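Take a look at this one chain, the form predicted alone, written out in structure tokens.
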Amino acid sequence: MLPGTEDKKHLILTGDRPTGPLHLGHYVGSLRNRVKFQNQYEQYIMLADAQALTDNMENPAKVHDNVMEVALDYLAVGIDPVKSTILIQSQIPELTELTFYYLNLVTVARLERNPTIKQEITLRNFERDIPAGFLTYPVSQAADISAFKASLVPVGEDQIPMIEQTNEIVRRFNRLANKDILVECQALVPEIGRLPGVDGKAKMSKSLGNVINLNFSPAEIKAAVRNVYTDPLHLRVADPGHLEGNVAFMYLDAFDEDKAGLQEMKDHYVRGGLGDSIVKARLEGILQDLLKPIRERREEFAKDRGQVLQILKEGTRKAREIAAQTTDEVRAAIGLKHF
């Protein structure tokens, strides 16, 4: 639940690792909420390129190139740089400085116990060959959040341990400083946290190739919907169908605004007599209508990448001023202001 409405006193920090174009999972989990939040809160949106290098250091061009691509996705979905500050993480060295200080406030054992980090280590098959930068990501995130004194951080449920660890660091620092310099934050969990991949896997993921990107062409959308996982037991049209685990209906739940019509389709599917092709045709029509204006706006912004770069430069400049002020307060609190 959102704490309050139309409350500009709250500051939101959110963002993405620029490792590839954004997809429908990002749209449901964060992007469409950011468009709404920018009218309710002060909002900072970070292109976390430095953090993306923790598992892409051998291919930095992948991260560099996707900063612009993700920025284009932001603008295309309706994020307004007048209302939301878009910034590039690597261009704010104060964030790295804060991370360095905060590393002294957390143990390796505590980092290894973080459920989010444990899960990501398993997914990437790091075993014990964990890049130190990746292991210390919760500390870097704490630096990002606390630098802007963000009080609200939109995350999925799987990221809640990261917010808890941020607040542990904030509390420990404030105790050492003997005053409240840093601000604790609260997780904002969206109603629809994440979409499964088109193949039925638990997560829509660029690395798994089971995504529908926001910049997909009409033909790519059609092909992706054709491959959407439904009910493997629904072999004939007359057979009763199952909704559980049926990705087509999960997507319809997320995007179909005609809830009454959708419920009628679900009832028909469950009792039998409705083919998967009809369900997918409804889904494709909805996704084509959703993504067409996003794609067209993206193409317009892409015609002037210099303007987009200027938006990023100005947002980063504004963000750095805030981060520098917080870092100055932190230095003073731990006795590192010598002149």
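Quick caveat: nothing in here was measured; it's all calculated off a predicted structure. Numbering starts at 1 and follows the sequence shown.
Omitted from view is the form predicted in complex with another copy of the chain, to which the following refers.
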property: Heavy atom contact within 4.5 Å of another copy of the chain in the predicted bound form, the stretch among 130 to 138, 150 to 158, 211 to 219, 178 to 186; result: 130 to 138
property: Heavy atom of P60 within 4.5 Å of another copy of the chain in the predicted bound form; result: yes
property: Partner proximity in the predicted bound form: D239 to another copy of the chain, non-hydrogen atom cutoff 4.5 Å; result: no
property: Distance check, V108 to another copy of the chain in the predicted bound form, heavy atom within 4.5 Å; result: yes
property: Heavy atom of Y101 within 4.5 Å of another copy of the chain in the predicted bound form; result: yes
property: In the predicted bound form, the residue from R305, K36, K313, R271 that sits within 4.5 Å of another copy of the chain by heavy atoms; result: K313
property: Contact residue in the predicted bound form, from D256, E120, E97, E168 (heavy atom within 4.5 Å of another copy of the chain); result: E97
property: Heavy atom contacts to another copy of the chain in the predicted bound form at 4.5 Å, residues of 302 to 339 in sequence order; result: L309, L312, K313, T316, A333, I334, G335, L336, K337, H338, F339
